[in-house]
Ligand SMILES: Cc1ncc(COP(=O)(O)O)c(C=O)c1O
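Only one chain is given next, in C-alpha cells, and it is the form predicted on its own.
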C-alpha cells in the first residue's frame, strides 16, 4: 500500500497548523504546572470570563443534549440581528468560532488560483484558509507604525478575488478609521472583489461601534463582517462566531457550511451573553482602566518598545532587552505566565511579543515578572 503522504491531495501536502495564543494545556505540560496555575496573557479574551447569565443559560440547556441542535442557529441569528439596526436574521450566519467562518468564506467564494489580498502582519488563519482553498496570496506590508496605506492597499486590489482585513488588527492592536475601510470596500467593489472584515476585537474599543461597517452591508454587496463570542463575551471554549453580510452571501454560505456546526449549549449561552449589557459595561470599564495601567507599567521598562494599543492587547518590541521573544516567553513560562511570542506572524521578526490586558492583580504580576527578567532595564 502507498504511504498516506503519497495519497494526500497536493493542496494539503504543505499545510501546517497556525500558531495561536491560549495554548495553556501545552504550556502547562511543558513547564510542569497544572493548567489552572498558568496565568494566560497570550489569549486576548475577557479577563472577567463569561456572563453569569450565559453560564446559567447553558446549564438550563443540558436537557437539549440528547437532541440535535438547530443546524442554522435560527434563534441566535434573530437575536444577533435585533442587536444591530437595519438587518434581519437572513443577514447573519453563525459558526463554530469565527475561524470556521474564515475557512467557509474562502471555500465558498474562492476558486483555485484566485488571488487574496492580506495585510502583513495580521491574523494567520486568513493565509491558511486561502491556501486550503487553493488560492494565491498577495501581502501588503503595513508601515512602521503598523498602519495600512489605503492607497497602496487599494492599488493592490487589482486582480484580487478577496481582501482580508482585521480591525483592530491582530497582533498590532491598531484601529483603522471607518472611512479608510469604506474606501477600500468601494475600490474592491469596482474590482469585483469581496472584502472580509474581521471585527472580532472591535467591541473592546471605546465607542467601537462607530468604527464598524456592519451598517454598510446593504450598501456594499461585497462586504462580509466577522464577529465573535470568543473575545469580549468570554465564551472561548464554546466556540461561537458570527458573520453579517447581504442575504445572498449568507444564503450561499449556509448552503456550504457543515450541518449542526454550533452545539445547543453554545447557542443558548450566546443568546444570554448578548443580552447581558451590564457584564459588557463592566468589562469595558475594566479594560479601559487596566489597559492604561498596564501600558504605563510596560513603558517604564526601558528595554521594551511599547506600541499604542486600541484593542485589549499590547504589542511590544523586546530586542533592546538582549533577549528574543521566544527567550522572554520561556523565562516568563518558568514563572507560570504565558505570553504570545509573535515571531510566527508574517511581517514581524523574532523580537515581538503580545500581552493581553487582564485584571489589576494579574497585570501587576506580569509587570513584576518582567522586572525580574530585565533587571536594570526597568525604571522611571
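Residue numbers count along the first chain shown, from 1. All values reported here derive from a predicted model rather than from experimental measurement.
The discussion below concerns the form predicted in complex with this ligand, not included here.
Undergrad: Which pick from 274, 205, 81, 102 sits with a heavy atom within 4.5 Å of this ligand in the model of the complex?
TA: Checking each option against this ligand in the model of the complex, the one that comes within 4.5 Å is 102.
Undergrad: Could you spot which one of 263, 230, 72, 160 gets a heavy atom to within 4.5 Å of this ligand in the model of the complex?
TA: Contact residue from the list: 230.
Undergrad: Please identify, from 279-287, 245-253, 90-98, 146-154, the stretch that has a heavy atom within 4.5 Å of this ligand in the model of the complex.
TA: Selected stretch: 90-98.
Undergrad: Quick one: is residue 117 in contact with this ligand in the model of the complex, heavy atoms, 4.5 Å cut-off?
TA: The answer is no: residue 117 has no heavy atom within 4.5 Å of this ligand.
Undergrad: With a 4.5 Å heavy atom cut-off, would you call residue 257 a contact of this ligand in the model of the complex?
TA: So residue 257 does not count as contacting this ligand.
Undergrad: Contact with this ligand in the model of the complex for residue 187, defined as at least one heavy atom pair within 4.5 Å: yes or no?
TA: Contact check for residue 187: no, nothing within 4.5 Å of this ligand in the model of the complex.
Undergrad: Is there any non-hydrogen atom of residue 166 lying within 4.5 Å of this ligand in the model of the complex?
TA: The answer is yes: residue 166 has a heavy atom within 4.5 Å of this ligand.
Undergrad: Would you mind checking 113-146 for residues with a heavy atom within 4.5 Å of this ligand in the model of the complex?
TA: Residues within 4.5 Å: 123, 126.
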